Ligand SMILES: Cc1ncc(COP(=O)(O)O)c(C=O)c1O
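There is one chain below, alone, in C-alpha cells, taken in the form predicted on its own.
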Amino acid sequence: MPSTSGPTRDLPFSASGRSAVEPFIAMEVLASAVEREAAGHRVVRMEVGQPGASAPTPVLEAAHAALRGKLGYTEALGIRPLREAIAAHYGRTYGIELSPDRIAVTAGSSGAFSLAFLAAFDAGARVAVPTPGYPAYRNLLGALGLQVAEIETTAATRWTLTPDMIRAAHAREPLAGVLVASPANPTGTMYSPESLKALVETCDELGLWFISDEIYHGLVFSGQQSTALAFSPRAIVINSFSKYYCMTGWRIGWMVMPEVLVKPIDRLAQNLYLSNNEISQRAAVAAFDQRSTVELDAVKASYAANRAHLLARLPEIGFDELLPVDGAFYVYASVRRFSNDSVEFARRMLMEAGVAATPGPDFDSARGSGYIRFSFAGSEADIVEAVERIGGWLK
C-alpha cells in the first residue's frame, strides 16, 4: 500500500473562488458569546434572530409520534400533508387559494433561497437587493456565480426600495431579479401592501423575477402585512417555521413557486437534497394547530413588550437614531454617538457589559460601521437586564 507518511509536497490544492464569501458576523459574535459563557461570565444574548421560546406543544407531540414510526426519504418537495397545511394557511391568512403543487418544503428559508436562485437565474445574472439587508443573500448569490446589485435605502424612502430605484438600477445595467424582505432584517421595516404591489408590478413589467422573503410574517407590530402572491402569480415567496413558529433548530421552511419553476425546483431538490428530514416535516404540520397558535401569540406578545421597552429605553441611554421597527424582532440602532466602529463597539460591549449584539457591517458594508442590531427575541427579563447593563457601561 502507498505510504501516507514521510515528507509532504507542496500540492496545488486550494479552496474554490466561489467559497470566498464574507463571514456571517452574527455567527462569529455568537461564538464569542458562547466562549464567554463557557468561561463563567454572564452574557445577555441579543446577537442572533432566534426565538427564546420552544416550539409549540403540538409540534413537540407530533415529533414524538413521528419517532415511533418508520422514517425515511420523502418526496423531494415535501410530504403532501405539510404542503396542504401550508396551502390552507394562505387561504386563512391572506385569502389566497393556492395549490399544494406550487409549494416546496425546504431546509429552512436558506434551502429555499438556494433552490430559487439556481432555478431562476443563470450564472452571471444580476440580482438587486436593498442595503441594509440580510448578508446571506449577497453571500449565497456570489457563491452561485451571480452578481449582486446592492441598492442603498435611506430614511427618505423609509429604508425600503421603490419602483424608481429598481428602474434606475435596471437602466444602469440590466437586472434579472429583485429580492426584498418584509418585515426586513436587520431593520424590521415593512412594506405596505400598496408599496409591495408597486414593486411586484414593476418587476413584472420589466420581466424581472421578484423574490419575497416573508420569513417574519406573523411578527408584525405596526402596519399591515401582505404577501407578494396577492399581486402576481410569478412572484417567488419564501417563508420558514424558524421565526414566528419558534422552530429554528428544526431547519424547516417553504417556498411558493410559479408554475414554470415547479419542475425545475423539483429536479434540483432531488439532486441536491433528496428530501428534507421527515421528523421536522411531520412536526411542522402541527404548527398550524389552533393550540400552537395560542402559544405562539403569547410569544409574540412578549416580543411586543420587549420592543416597547427598547423603543422607550434605548433613546434614554443614548441610542438616538432607531430605524422603524414595524415587525420582526430587531432594533437597528446608530452607534455614531459613541463610535465610528460598530465592530469594536460590539466587541467591547460583549466583553465589558456582557451584552452580545451584531455590528452593522454584517448588513451594510458601506454604512454599517455606524450601526448595531439588537435582537429582542429573548425573555422580557433579559431585555430589561441588557438595557441596564448597556446604560451602566455607557455612563
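Everything numeric here is computed off the predicted structure, so don't read it as measured data. All residue numbers are counted from 1 along the displayed sequence.
Just so it is clear, the following notes concern the form predicted in complex with this ligand, a form of the same protein that is not shown.
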Between the options S292, T153, Q225, S242, which residue brings a heavy atom to within 4.5 Å of this ligand in the model of the complex? S242
Single option in N185, N306, N276, S212 placed near this ligand in the model of the complex, where near means a heavy atom within 4.5 Å: N185
Given the stretches 259-267, 243-251, 170-178, 138-146, which is the single one in contact with this ligand in the model of the complex, using a heavy atom cutoff of 4.5 Å? 243-251
Does the 4.5 Å heavy atom contact test between T189 and this ligand in the model of the complex come out positive? no
Does this ligand come within 4.5 Å of any heavy atom of G108 in the model of the complex? yes
Although the partner isn't part of this model, could you tell me whether Y330 comes within 4.5 Å of this ligand in the model of the complex, counting any heavy atom of the residue? yes
